[in-house]
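One chain is shown next in structure tokens, namely the form predicted on its own.
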């Protein structure tokens, strides 16, 4: 029986659940997906547990019906301004055979977790940047190497305990076990980056509804990540305020006629929009719409540039920026980013998977697709898939039961 991977992307504006099968070595096939308008979320964080739980349930139910199977466990994306990253190092002696094993790598990552955190924060990831075996440094894959001491230079990603537990509760209420929480820009990177970009140096800019997440990759690994508190909803809000229109009307106007470059919009084009204080739609210049959006888009790009400079890695991303998320689809944004950064810029489209519907081949689904790829790569390398193939569903439940009996 083929292995099944489930991904749930809980964003500020939408929830997407995707179910895929591993049908060959590192090959995925989409078997179902569901989507629902997000509720109870602000800037990537749960602010209303009941509303968020209901939205997640709607997306999950739709995915289960399409795939004709239930979701028992899932990989879940996490983001929000509460996310923090800090460098950490760890070192352990290599086992008796003096050959680095997967167990040695797990132990050295555990050693890197030993950092002081406030009581209201918890670790989400330990992401290795590079390994060292004795005097050999800057290694990306130490397994199989001979030595006496294994060290790691890692990024420890942590989140606010309350935000993490609230998200877990919303998922677990539906009887779904959270296999792993995955930082959303990490997942997006799995879906949209090439190996050459990762090695050379690149920044993934995931422009969601409530936040913009930045992840910088170099030498094949994550080197820096942070979250900017502006996103697509701020673009819509500016339009609503600037035109005196309801938020929903401003959102439709942005999607249908928006542009991040006012100079690209013909000056004689008009559009209609419902505004407050009028009995019917009003006519406004399309160029005015673009001017409002351009100001906010410039601010978003400027904040990303400032963070890149603040990180100390300015000039170390020759592969430029890869824009993902719903706001990356705003016409003119790529060109505006190129003008402001003087760097290569492209819009990241998720990698194509077998039987992948066109609806998922868009930048706003990069996180969902990336969660599937993250799961497959990490589970396959750890051997979990091959072990699960040898177990019956009954044995799988027994193994989970035994695991729950173990301390820690």
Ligand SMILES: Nc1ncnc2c1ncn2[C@@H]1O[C@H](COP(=O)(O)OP(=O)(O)OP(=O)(O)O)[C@@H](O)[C@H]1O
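Residue numbers count along the first chain shown, from 1. What you are looking at is a predicted structure, and each value in this text was computed from that prediction instead of being measured.
Only in words, not in the display: the form predicted in complex with the named molecule, which the text now covers.
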item	value
Close approach of residue 329 to the named molecule in the model of the complex, 4.5 Å, heavy atom	yes
Heavy atom of residue 255 within 4.5 Å of the named molecule in the model of the complex	yes
4.5 angstroms heavy atom contact with the named molecule in the model of the complex for residue 210	yes
Contact test in the model of the complex: residue 197 vs the named molecule, heavy atoms, 4.5 Å	no
Candidate stretches 247-255, 304-312, 112-120, 93-101, one within 4.5 Å of the named molecule in the model of the complex by heavy atom	247-255
Residues within stretch 20-54 having a non-hydrogen atom within 4.5 Å of the named molecule in the model of the complex	44
